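The form predicted alone is given below as one chain in structure tokens.
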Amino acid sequence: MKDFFGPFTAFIEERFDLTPLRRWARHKKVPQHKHSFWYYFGGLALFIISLQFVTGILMAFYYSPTPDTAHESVRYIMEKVHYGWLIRSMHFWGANFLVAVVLVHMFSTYFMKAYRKPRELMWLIGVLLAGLVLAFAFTGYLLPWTTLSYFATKVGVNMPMVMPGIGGFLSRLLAGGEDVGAATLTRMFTLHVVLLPILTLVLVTAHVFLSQVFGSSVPLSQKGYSEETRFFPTFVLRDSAVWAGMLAILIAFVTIFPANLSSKVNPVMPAPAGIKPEWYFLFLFQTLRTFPEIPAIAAVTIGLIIWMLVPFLDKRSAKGERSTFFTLFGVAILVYMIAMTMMAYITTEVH
């Protein structure tokens, strides 16, 4: 293997000084303790994002973002393009796994207090990336132009209407007009394949850079640890094994539960009974069904602001002390999201 890559390595080394990179790889260490398992979710999210970019680009070669052709182009991908069904299924399941992994990564980071000084900016960027992942899911949902995706998007773009002042403007901005239609589809496609990928690349690069600068945080419960493992090759090989395991799970889901394509939307028909968004938006969907809209949106907005500003509000963790209040705050948020999601499944007719 060394002889195979020898000419390429020699070519690179004649033109670039790799000494700093070698020195960095040789000296970088990763903390090793009973919570080390959670460290792998950040790299796992990066891996799935890469898969989403690749599969999304492959589908974009065939997709046509108009109401007359969107549904047919997706069907063409699935039925006529070689391995098109595989690519679309991987993109579909990859989106679901990505949201799950990002949520696990964010909450594990929160409960291990990895947001504390000097990693405040890493936390802010991470929360923004979680928001972008959900934005990817929302904008991509309409693209197949099915009945479910159409009416679910209609509910989503109308949600800002209850906000005083700018609610109507935000709703029209998302929809591209007064109602969901051709302009909405074009707008969602542009956001999904142009703006969101650019923002994601910028923030992911910044997040990865800061993670290399500051290294992995050690939970307060492991204060005084001494064991470390080498980043390269030990941690990299373990990370690669986790990636391979995720790929195997993803392929298994794709093979056993391939993505389907439901009927094309007829906008003049009424919305089907029991319509609901994907699982990652169910907690918000159920919140708006359970409580008055304006107080509910106000509470969610305030909670999100507090969530983002936790590194600056949690003074005890910044000092290396246990912070019971913010731990309970995180538990309350997590329990609420799970409870609202389960309630939405129980109270909404499944179609």
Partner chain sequence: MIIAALGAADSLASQIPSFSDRLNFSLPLIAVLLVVSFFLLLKSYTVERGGKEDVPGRGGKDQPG
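Every value quoted in this text rests on a predicted model; they were computed, and no experiment measured them. Positions refer to the first chain, counted from 1.
Although not depicted, the form predicted in complex with its partner chain is the subject of the following passage.
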Name the single residue among 221, 205, 240, 158 that comes within 4.5 Å of its partner chain in the predicted bound form, judging by heavy atoms. 240
Please tell me which of 33, 289, 316, 26 lies within 4.5 Å of its partner chain in the predicted bound form, judged by heavy atoms. 26
Check for me: heavy atom within 4.5 Å of its partner chain in the predicted bound form, for each of 116, 125 and 201, yes or no. no
Among 294-302, 308-316, 278-286, 58-66, mark the stretch whose residues have heavy atoms within 4.5 Å of its partner chain in the predicted bound form. 278-286
Please check if residue 179 has a heavy atom lying within 4.5 Å of any heavy atom of its partner chain in the predicted bound form. no
Contact with its partner chain in the predicted bound form for residue 107, defined as at least one heavy atom pair within 4.5 Å: yes or no? no
is_contact(residue 258, its partner chain) in the predicted bound form, heavy atom dist at most 4.5 Å: yes
Quick check on residue 232: any heavy atom within 4.5 Å of its partner chain in the predicted bound form? yes
Sequence-ordered residues of 84-115 touching its partner chain in the predicted bound form, heavy atom within 4.5 Å: 85, 86, 92, 93, 96
